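The chain below stands alone and is given in structure tokens; this is the form predicted alone.
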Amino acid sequence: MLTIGEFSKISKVSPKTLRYYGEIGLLKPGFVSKDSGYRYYEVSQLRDMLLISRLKQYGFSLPEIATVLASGDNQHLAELIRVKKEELLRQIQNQQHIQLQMEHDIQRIERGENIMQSNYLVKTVQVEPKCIYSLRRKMSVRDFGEMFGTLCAGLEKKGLNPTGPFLSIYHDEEFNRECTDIEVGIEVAVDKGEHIRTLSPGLCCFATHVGSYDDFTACYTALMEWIEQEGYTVSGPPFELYVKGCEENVQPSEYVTEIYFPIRK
């Protein structure tokens, strides 16, 4: 057996951390002396410690790691690692997007431009009433994919043919990433049926955003500035039309989204 010091030296994990892992039941010593309280570890536990360190590196929480150690199911572990890999890829893509934005901002600053100055062209349009098949609920922005999946399944089940792009309508006055009243839908030819309603925003101002879905703030800002400058007020919930997006297997940098605000004088 190994003393806690020897185990610490070999595993490169501090005794303090080892004691904590023992307290929470993640990695208990193989033997604890009743007389001295000294902790001893089995050599075989070095493998467990290696796995704990590896899974921490992969972004697993300690409770998640404890579950893995308790189950001993390698097939399940492979699936969990696959999920963490997908999360990491999304983080990498996000960081790459931020890096490109930083490079773009540096170039604009060096040209003497204001990096917060947007170049969106705002237009007005009278949006005619349209029938949409839609689903509405309080949800997190993380639930968009699931909601659109449910929407598509409903379209197929009801045999409805879309006649326009997907859209989202934001009904809350305030935005909360974790819980916002959002309606997702798509224009359809029929005018009656479950989850089918008429969307009649009337006069709107709108601008077109080209790029990923997580970068709409500048476009919304440009629209609100235009509304104030032109003496309009917002008369209804804003909505987004996804003219060109992920369902067409295009790159996020090529997504095309139109953002609308119903307005009145």
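We number the residues from 1 along the sequence you see. Note that the rigid core is defined as the largest set of C-alphas that superpose within 1.5 Å between two forms. Since we're looking at a predicted model, the values are computed, not measured.
This next part talks about the form predicted together with another copy of the chain, which is not shown.
The putative spot formed by Ala153, Thr198 and Ser200 is not touched by another copy of the chain in the predicted bound form; no residue has a non-hydrogen atom within 4.5 angstroms of it. Picking from 163-171, 190-198, 142-150, 81-89 the stretch near another copy of the chain in the predicted bound form, with a 4.5 Å limit on heavy atoms, gives 81-89. With a 4.5 Å cutoff on heavy atoms, Glu23 does not count as touching another copy of the chain in the predicted bound form; it lies far away. Under a 4.5 angstroms non-hydrogen atom cutoff, another copy of the chain in the predicted bound form lacks Cys179 among its neighbouring residues. In the predicted bound form, another copy of the chain lies farther than 4.5 Å from every heavy atom of Thr67. Taking non-hydrogen atoms only, Val43 approaches another copy of the chain to within 4.5 angstroms in the predicted bound form. Residues Leu46, Arg47, Asp48, Leu50, Leu51, Ser53, Arg54, Gln57, Tyr58, Leu69 are the members of 44-72 with a non-hydrogen atom no more than 4.5 angstroms from another copy of the chain in the predicted bound form.
Taking the rigid core as fixed, one finds a CA shift for Thr208 smaller than 2 Å between the shown form and the other one. Relative to the superposed core, Tyr260 shifts its CA atom by less than 2 Å between the shown form and the other one. Core-superposed comparison between the shown form and the other one: CA of Thr221 displaced by less than 2 Å. In the predicted bound form, the CA atoms of Ile98 and Ser140 move farther apart by at least 3 angstroms compared with the shown structure. Inter-residue distance, Glu225 to Met102 (Cα): reduced by at least 3 Å in the predicted bound form versus the depicted form.
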